[in-house]
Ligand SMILES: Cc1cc2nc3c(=O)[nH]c(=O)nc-3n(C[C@H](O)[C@H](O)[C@H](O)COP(=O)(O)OP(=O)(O)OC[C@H]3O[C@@H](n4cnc5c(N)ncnc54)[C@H](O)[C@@H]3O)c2cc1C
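Next comes just one chain, in structure tokens: the form predicted on its own.
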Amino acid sequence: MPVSGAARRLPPWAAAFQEATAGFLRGGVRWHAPMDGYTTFKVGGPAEAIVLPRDRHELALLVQTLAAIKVPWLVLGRGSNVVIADEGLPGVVILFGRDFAKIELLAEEAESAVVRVEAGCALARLVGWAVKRGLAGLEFAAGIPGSVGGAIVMNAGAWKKEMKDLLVGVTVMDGQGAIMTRRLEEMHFAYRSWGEPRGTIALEGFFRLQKGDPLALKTICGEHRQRRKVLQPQHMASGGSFFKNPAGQKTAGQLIDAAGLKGRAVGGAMVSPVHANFIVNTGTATARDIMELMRMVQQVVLEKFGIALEPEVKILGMK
């Protein structure tokens, strides 16, 4: 099994892991791999190990092995909504590569079609694929970074639309490697959450898309992308919208703006002057900078408006 980045001492569980996975893990392991290259924030220390399984069978055996030897793990999409600690992550980070990125037209009717999309597929690729074939519904996702799996788990949304509005089912794997396909009505989607237990992995989503005109859909996607360019910071690393919008009439961005926090900085992290609900990496930010700025924003908004802002981004590895 190929090993890279092993100059540092391997974690104490490495020998048991290598022995247990020798018969099935074909993709190898990256030991002590820096995570800043795997997130859109461009921060994060090393994971003890990164693994890219080649198929579902290998993934199932992997999570079963990790459970048996009591090693923590998590699945990371394209890192567009996470902050990873400067100290890195314990255990194994599981990434879905091109072996988990298929798009398949399953069924077609007069007015709609059902499409199966694997979790590792880039959301931008899915949007382009659908628009080219005149399948409508995903235009709101134009310009949203990340993977389809991450978008499902986060119930990603924009312009008052969410992933759950298009899904008819999701194939999942539990923490013991068992696979099942669940209908939308059996799930518990909520604002920026799919409601599944921790340790559940999204393998693929089934989307019902409506028939439309490819040129019209392309125009709509272009308009959405242009709005993002105008309303959101460009050419700076960030994790997308940082805080969830609280219940009420004002969004998180409006509250942060009204608190006078645009441009406020801690180290290399700054509240974007363009959109107040974006914390950006000006080039030298650490995860600690981002967390300190997050807490500052939360404190000021709570003091001024009595509203506790909750992060939308996932914070990983912080003690």
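The first residue of the shown sequence is 1; numbering continues from there. All values derive from a computational prediction rather than experimental measurement.
Not pictured, yet referred to below: the form predicted in complex with the ligand.
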* Name the stretch, out of 210 to 218, 244 to 252, 68 to 76, 178 to 186, where some heavy atom lies within 4.5 Å of the ligand in the predicted bound form. => 68 to 76
* Asked: Any chance Ile144, Gly157 and Phe278 all have a heavy atom within 4.5 Å of the ligand in the predicted bound form?
  -> yes
* Listed residue (Gly240, Gly169, Gly137, Gly88) with a non-hydrogen atom within 4.5 angstroms of the ligand in the predicted bound form -> Gly240
* State the residue from Arg228, Arg133, Arg125, Arg116 whose non-hydrogen atoms include one within 4.5 Å of the ligand in the predicted bound form. => Arg228
* the ligand contact in the predicted bound form: Arg192, any heavy atom under 4.5 Å -> yes
* Tell me, yes or no, whether Ser112 is in contact with the ligand in the predicted bound form, where a contact means a heavy atom of each within 4.5 Å. => no
* To do: Determine whether any heavy atom of Gln64 comes within 4.5 Å of a heavy atom of the ligand in the predicted bound form, and answer yes or no.
  => no
* To do: Would you check, heavy atoms only and a 4.5 Å threshold, whether Val92 touches the ligand in the predicted bound form?
  => no
* Quick one: name the residues from 198 to 225 with any non-hydrogen atom within 4.5 angstroms of the ligand in the predicted bound form. => Thr200, Ile201, Ala202
